[in-house]
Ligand code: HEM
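Here we start with a single chain on its own, the form predicted alone, put down as structure tokens.
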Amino acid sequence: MRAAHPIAYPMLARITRPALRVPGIGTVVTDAALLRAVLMDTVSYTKTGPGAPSELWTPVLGPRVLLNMEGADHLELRRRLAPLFTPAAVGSLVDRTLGGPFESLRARLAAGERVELVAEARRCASAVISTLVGLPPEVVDDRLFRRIATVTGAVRLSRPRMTPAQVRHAREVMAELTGHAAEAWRRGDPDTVPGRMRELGLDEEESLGAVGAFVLTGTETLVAYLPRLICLLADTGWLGRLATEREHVDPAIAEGLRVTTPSPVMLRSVVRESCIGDVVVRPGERVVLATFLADRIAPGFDPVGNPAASLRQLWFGAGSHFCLGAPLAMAQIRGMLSAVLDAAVEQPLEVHSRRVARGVLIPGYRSVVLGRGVGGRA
């Protein structure tokens, strides 16, 4: 967190009150119950007003991409896209797209090979999101991923919108997806996001914006989280333990999400005067939901006690904006973690090196190397 946000993180981390007005930033909410209440109250708070996500993403992606929608149109688009994200649908998608890569990962680790986990997570996430949005798998490659990171890395908490130059750059990056996404929209494939949006009556331009949004949200958070989870398990002694105590896998994933909170902050704009704790907020003001602080309801990492359970997946949001892609993210997390744990049964594993990523929106590692641990077979 400190490497990604060297100014904003220390400033927010010092806040001890449930809600606090911070000049130049907005009202910062750090209490889980208050944060959930704001997310659930779509009458008083919105994603489309001043200081909200719409100011960041509408100039880049257009006005109808779930990231920046509210009301009936938002609910209808979610309803039409929801069949793509049922547990059965995402399970099938991940199995057919990543079954081979996950088995290769297990075999390489079990054979004693050292694996660079960030690159591995990036390739897997890119393959899945490419299939979902109807793109050839080679389109969302490492080069494009780095380009996407330059877009999201330009976001600053103190700046509610991108500069004109940053918007132009972001549009250029998103345009690299346009041709292939347009083909998916024209085919009308119901198993892809563009095909679903065409069925809904959205035009080609709106569908292309949605593709950009799914690429942005469907890669960076997952690629940041998976290596952090493996490092957290290794650091706490849970990597080897979890390999034989699989009943703790889901609590460990939840605890990992609680401790790391891949999307550390959410934004809302005030629609009508209301109170957040003892802070009065008025229309047009910005609310900064510090999820990474709200999730810190207990110290440490504890899959047995599982304090994360009480948060009801707050890291994915709440209410009508609960992350639509959460089942897909969870299927990929379970798949990659299972491959690592299966290898750990055959060969003790340890993290040999790691480097943090700097100047990024989503805190994570630039590199993590996992391989045979002490006492492993040569």
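Numbering starts at 1 and runs along the sequence shown. Predicted model, so just to flag it, every value in this text is computed and none were measured.
There is another form of the same protein, the form predicted in complex with protoporphyrin IX containing FE (HEM); it is not shown, and what comes next is about it.
- With the partner omitted here, the residue from R296, R108, R161, R78 that has a non-hydrogen atom within 4.5 angstroms of protoporphyrin IX containing FE (HEM) in the predicted complex is R78.
- In terms of contact with protoporphyrin IX containing FE (HEM) in the predicted complex, the residue from A127, M174, L257, L242 that brings a heavy atom within 4.5 Å is L257.
- The stretch among 163 to 171, 142 to 150, 229 to 237, 216 to 224 whose residues place heavy atoms within 4.5 Å of protoporphyrin IX containing FE (HEM) in the predicted complex is 216 to 224.
- Interface residue remark: H248 is not counted as part of the site for protoporphyrin IX containing FE (HEM) in the predicted complex, having no heavy atom within 4.5 Å.
- The shortest heavy atom separation between R123 and protoporphyrin IX containing FE (HEM) in the predicted complex exceeds 4.5 Å.
- A residue is said to contact a partner when one of its heavy atoms sits within 4.5 Å of a partner heavy atom; P307 fails this definition for protoporphyrin IX containing FE (HEM) in the predicted complex, lying far away.
- Remark: A343 does not count among the residues lining protoporphyrin IX containing FE (HEM) in the predicted complex, judged by a heavy atom distance of 4.5 Å or less.
- Looking at 265 to 302, the residues that come within 4.5 Å of protoporphyrin IX containing FE (HEM) in the predicted complex, counting any heavy atom, are M266, R268.
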